[in-house]
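Only one chain comes next, encoded as structure tokens, the form predicted alone.
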Amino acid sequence: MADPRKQLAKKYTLDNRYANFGETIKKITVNGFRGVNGLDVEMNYPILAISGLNGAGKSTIGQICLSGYRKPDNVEKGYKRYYVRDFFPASAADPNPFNPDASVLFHYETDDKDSPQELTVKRNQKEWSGYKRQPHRKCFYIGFTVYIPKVERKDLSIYKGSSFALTQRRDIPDDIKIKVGRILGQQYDELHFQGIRHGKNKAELGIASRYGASYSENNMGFGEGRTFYMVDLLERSPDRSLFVIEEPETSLHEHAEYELAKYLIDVCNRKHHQIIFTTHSDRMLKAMPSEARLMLYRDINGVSSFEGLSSTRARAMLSFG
């Protein structure tokens, strides 16, 4: 059986990349953000697993990439594009999250593999300039607060649990149910989302059935609920979307971490997404090919990057040997 990692790598060769992935980000050069200066990050694989010690700058790179696209034409109501200011807010506590001359140089693939589009987003007095010529693409950020168990945030389904009304149900295809189950090592009878409403407030509640029992998100653990949410979003989003995911291994057991990494490779093969995720997981790094691994290291001289590390060397750096 062919190795899906190699299949994906073949699709991402320079001769095939634009045809398969469109105007994907080829490279960024980051200057002046949270102590990251003059850092080049190459996207040598459609998935980039960024690792490093806490505080190395992993989230900075992913968040900057989200500001690299304009929203598509005719996008649904409620979708909002990302800007640099969304992730680097200045305040009395953080007056200088970026330098006065901070900039990001984006390189995008074009139909001419030898002539990528180059575009700089930079600080111009009190505003950021350079957005208007960016390509169009839907971008999704799966940070830690995107999925919070409803029982923790006391949302509509909790504080109005006895009086909300059921609205439209959204069924989940069997193939997505199987994928979620494979990642988590579970066999689900059914997965779906149930719309709920109380007055003008609306929400959607994930429902799972297995071993003859049915339960909602309110009784799911964080790892199970976040995996359900993440796979659903990756599958129903438009092809060639950009995803930035913060530590997708959070609250997953070791086998699930490895299976999730394999799933990310699979979904990129089918839907040609570009995925950037931060991770401290040895299992997720091991599942990725070397060209998908990027290690960041910060010291007194700034932030350095190490590309193409073996999973053994990456683990050694994370564990101090």
Ligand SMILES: Nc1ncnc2c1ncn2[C@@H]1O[C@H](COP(=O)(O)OP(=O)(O)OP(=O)(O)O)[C@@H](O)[C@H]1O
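Residue positions are given as counts along the sequence shown, with the first one as 1. Every value quoted in this text rests on a predicted model; they were computed, and no experiment measured them.
A second form of this protein, the form predicted in complex with this ligand, is not displayed here; the remarks below concern that form.
Interface residue among Gly181, Pro72, Pro97, Gly130, judged by heavy atoms within 4.5 Å of this ligand in the model of the complex: Pro97. For the residues Arg34, Lys26, His272, Arg283, the 4.5 Å heavy atom test against this ligand in the model of the complex is passed only by Arg34. Looking at Gly55, you'd find a heavy atom of it within 4.5 angstroms of this ligand in the model of the complex. Taking the partner from elsewhere, Ser67 is found to have every heavy atom lying beyond 4.5 Å of this ligand in the model of the complex. Within this chain, Ser59 lines the site of this ligand in the model of the complex, having a heavy atom no more than 4.5 Å away. Residue contact with this ligand in the model of the complex: Asp86 places no heavy atom within 4.5 Å of it. Only one segment in the set 109-117, 89-97, 171-179, 187-195 has any non-hydrogen atom within 4.5 angstroms of this ligand in the model of the complex, and it is 89-97. The single residue of 219-251 lying near this ligand in the model of the complex is Glu247, the criterion being any heavy atom within 4.5 Å.
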